[in-house]
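Form predicted on its own, single chain, as structure tokens, below.
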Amino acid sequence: MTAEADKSKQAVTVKCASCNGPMSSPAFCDHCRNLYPADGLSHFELLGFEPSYDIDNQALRQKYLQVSRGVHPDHHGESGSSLSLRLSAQLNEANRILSDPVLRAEYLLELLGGPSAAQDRSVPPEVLSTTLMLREEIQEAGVTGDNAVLNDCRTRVRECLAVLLATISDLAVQLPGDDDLRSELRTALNSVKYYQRLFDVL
């Protein structure tokens, strides 16, 4: 499948209730410029995509910029400023989530009925032991000023993250999957956070 065909597969077209013209987002009509509340819409729906982990980043960026310009308060005067501001905030949040591979996987998992981090906090024992060991090494090297050890720790954290990110991607593209797959993805997402926190002390 070509990139263009894949983009068109991901795009969702809806009709404007006012002029019946095609809309690139349910929030804004490209033709009559009407605004519509987006409350209750998923981030995918707001930006005109099918719920899928495999999103073309360039297409996402282009759609975000297109819809953001359309809903901007400067184009809608005082009568539409409140809705315009709300839509702009919702679009910013949708773009923030969907443009980040980890946040997108987490959002899609919960959207499709998988467990949230609050519902399932499971982390493999080896992740706990490895991150604890790394944290101790980092703290000790920080006290002694051992930059060689700190650089080595950074490399190891990046390597562990790379493995987990690949696992998350492999699992997320299979969503909705079954309970076992969703549980495995939840565990991988929980694990990533342990390594990401190490960068706060590096």
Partner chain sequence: MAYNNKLIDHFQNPRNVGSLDRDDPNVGTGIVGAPECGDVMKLQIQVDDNDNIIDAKFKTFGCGSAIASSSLATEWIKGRKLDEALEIKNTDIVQELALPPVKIHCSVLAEDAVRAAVADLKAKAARKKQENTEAAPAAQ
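All of these numbers come straight from a predicted model, not from anything done at the bench. Positions refer to the first chain, counted from 1.
One more form of this protein should be noted, the form predicted together with its partner chain, which is absent from this view; the next part is about it.
By the 4.5 Å heavy atom rule, the three marked residues 129, 136 and 190 all count as contacting its partner chain in the predicted complex. In summary, among the residues 96, 121, 72, 86, the only one with a non-hydrogen atom within 4.5 Å of its partner chain in the predicted complex is 121. With its partner chain omitted here, the record of contacts in the predicted complex names 136-144 of 164-172, 136-144, 30-38, 48-56, defined by a heavy atom within 4.5 Å. Contacts of stretch 23-57 with its partner chain in the predicted complex, defined by any heavy atom lying within 4.5 Å, are made by none of its residues.
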